[in-house]
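Have a look below at one chain only, the form predicted on its own, in structure tokens format.
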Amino acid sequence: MLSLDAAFRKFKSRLELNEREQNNASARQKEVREYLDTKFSIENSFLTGSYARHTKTKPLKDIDIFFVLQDSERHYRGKAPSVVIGDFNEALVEKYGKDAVRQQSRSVNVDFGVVVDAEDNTDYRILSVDVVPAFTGGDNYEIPDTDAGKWIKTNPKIHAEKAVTAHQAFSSEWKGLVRMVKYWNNNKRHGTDKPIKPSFLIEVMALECLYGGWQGRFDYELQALFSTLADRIFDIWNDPAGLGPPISDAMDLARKQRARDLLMAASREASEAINLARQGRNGDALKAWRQLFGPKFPLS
């Protein structure tokens, strides 16, 4: 029978991008970039977000692409953020159709119509990308925020550097643990409303909540992490780059209370799974972890 450590390592591997998924992501983002080059004056574009930081979980969706606009497009900077979001939306609707394109507060989402099966497989294809218009602002970038009604500063490079530092400080297990908790966040048991939004908040919290160094046990680390996240979900979690608004601002009090309840439940379920393993009931422990996380957690 599969040992717990082997199961967690297989789980971690299943959440990592393989070559076919990377090739599909590359082809899709190239397609979007080449098309938008015909619609706007773009200085450069690049992948960012959790995909670029290697903290993206399965199934693969909402891969962020920054589109840095040239100075000839700077007229947008003097207008409401909704204007540039609306124009990007309109351009993408021309290519992908109205049903596949959705405006968001800071980006435009393009859904490729990929079906996710019961095991969270997508035939190695990505589900969607998020197109983010941006301007350079010194060493940083400015992006539109339609909810706030203003342009906000960000720096994806700083986010990436902090993730790398945390990963190295945690014996190169940090990103794997973050992906696991993000996968829990996607568990269909929660319905369509994820406990923690945005999922980037999990990553931001993990920069502080995963501390003390890797102790060699996935089960103990995850049980403790769920508990700590529950304890600190009401804290203010600032932008790691120190530029934009707090990441935790996206959740109101009711959302945070729901997240706390679900995180506490996850911590209890993790404790129960650990106890099953202590009793020598390894198969039942594996089933408990699969129930907690979802179908990507292996039973054999």
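From a predicted model like this one, the values you see are computed outputs, not experimental measurements. The first residue of the sequence shown is number 1, and the count goes up from there.
Not pictured, yet referred to below: the form predicted in complex with a small molecule.
**Student:** Can you check whether residue 170 is within 4.5 Å of the small molecule in the predicted bound form, heavy atom basis?
**Tutor:** Judged by the heavy-atom cut-off of 4.5 Å, residue 170 is well away from the small molecule in the predicted bound form.
**Student:** Though only this chain appears here, would residue 153 touch the small molecule in the predicted bound form if you measure heavy atom gaps against 4.5 Å?
**Tutor:** Residue 153 belongs to the contact set for the small molecule.
**Student:** With heavy atoms only and a cut-off of 4.5 Å, decide whether residue 76 touches the small molecule in the predicted bound form.
**Tutor:** No, residue 76 is distant from the partner.
**Student:** Looking at the partner-bound form in the predicted bound form, is residue 269 within 4.5 Å of the small molecule by any heavy atom?
**Tutor:** Outside the cut-off, so no.
**Student:** Can you check 51 to 59, 258 to 266, 228 to 236, 33 to 41 and let me know which stretch has heavy atoms within 4.5 Å of the small molecule in the predicted bound form?
**Tutor:** Looking at the partner contacts, the answer comes out as 51 to 59.
**Student:** Scan 146, 199, 122, 128 and let me know which has any heavy atom within 4.5 Å of the small molecule in the predicted bound form.
**Tutor:** None of the other options qualify; the answer is 199.
**Student:** Consider the chain as shown here, without its partner, and state which of 274, 69, 47, 247 has a heavy atom within 4.5 Å of the small molecule in the predicted bound form.
**Tutor:** The residue from 274, 69, 47, 247 that makes the contact is 247.
**Student:** Can we say 175, 190 and 296 each have a non-hydrogen atom within 4.5 Å of the small molecule in the predicted bound form?
**Tutor:** No, none of the three is in contact.
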